[in-house]
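One chain follows as structure tokens, the form predicted on its own.
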């Protein structure tokens, strides 16, 4: 039993949860008042939008691509949600569905033309931002009541954010890690030639993953305005780097279709807690981004040591 717990494979899989636990205990030590329903709600208030954005990024990374426009896309969804979705719901729904279709078309374009996803999504980040500014030139807007009601739902024992994040991680885990088609989707990133030889369409898998990224990015933007009660075209620009960090922190890798949906959600929650932890340490805001990067480097260094130990076996 002890040998199993100390095995490199187990330690590698447990590292995201261990990082979250250590950070949570450190926060409880610094601020004991956070060890309560209200305290946890404040700590993890913005974890769900980041978790959705991280899952969206994970969908892209699964097929060996990278999305540098997810932050701007979430900002566009927020702008649509706080304007059209509230004032003219049918137009708002159509616009959001159109955004998902554009994401799917990007996947097709990248595959058919063999374009680098970094360049395409970076260019689209400016398009998303420009569209958001057209929809909502200045910060404001009004959030639909039903979105606000969902995001402020009072659940027993633990805040709603925790239940929702766990549910998202579990659902995506079973969809990608336990289903037959999920194996095909991951295989398109791990061994695309074998997937193609088996008769599966690589174009369809890429379009599917990009469409899923657009869907989860939409959920990120809507959940975000449900918490902030207003929108801004620049509200989620940091989500691009946070989503990448969340996937990697959760055990994912940039190549090979190696992902962990539950780990990605845990990574997003860890990054959210890291911001609170650094605030409790009274670090200046200019230093906090660097400190978050330092935490990520430490965790990745541990993973590198564990992977090296596993390779020696």
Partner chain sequence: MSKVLTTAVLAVGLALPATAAIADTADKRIALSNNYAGNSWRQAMLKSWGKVGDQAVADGVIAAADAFTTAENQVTEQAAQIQNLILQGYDAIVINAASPDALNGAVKEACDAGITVVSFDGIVTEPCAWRIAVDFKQMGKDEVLYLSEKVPNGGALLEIRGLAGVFVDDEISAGIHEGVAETSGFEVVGSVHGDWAQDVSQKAVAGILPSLPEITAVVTQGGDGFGAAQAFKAAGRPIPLIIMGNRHDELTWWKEQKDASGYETMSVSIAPGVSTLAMWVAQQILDGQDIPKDLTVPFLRIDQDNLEENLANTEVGGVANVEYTLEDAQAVVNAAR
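Numbering follows the first chain given and starts at 1. Please read these numbers as outputs of a predicted model, since none were measured by experiment.
Same protein, other form: the form predicted together with its partner chain, not shown, and the subject of what follows.
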In contact with its partner chain in the predicted bound form (heavy atoms, 4.5 Å), from 53-61, 245-253, 261-269, 39-47, is stretch 39-47
Quick one: is residue 227 in contact with its partner chain in the predicted bound form, heavy atoms, 4.5 Å cut-off? yes
Even though its partner chain is not shown here, does residue 204 get within 4.5 Å of it in the predicted bound form, heavy atoms only? no
Contact flag, residue 182 vs its partner chain in the predicted bound form, heavy atom cut 4.5 Å: no
So in the predicted bound form, does residue 103 come within 4.5 Å of its partner chain, heavy atom to heavy atom? no
Among the candidate residues 196, 237, 91, 158, which is the single one with a non-hydrogen atom no more than 4.5 Å from its partner chain in the predicted bound form? 237
Go through 300, 289, 22, 14 and name the one with a heavy atom inside 4.5 Å of its partner chain in the predicted bound form. 289
Does any residue in 121-139 get within 4.5 Å of its partner chain in the predicted bound form, counting heavy atoms only, and if so which ones? 139
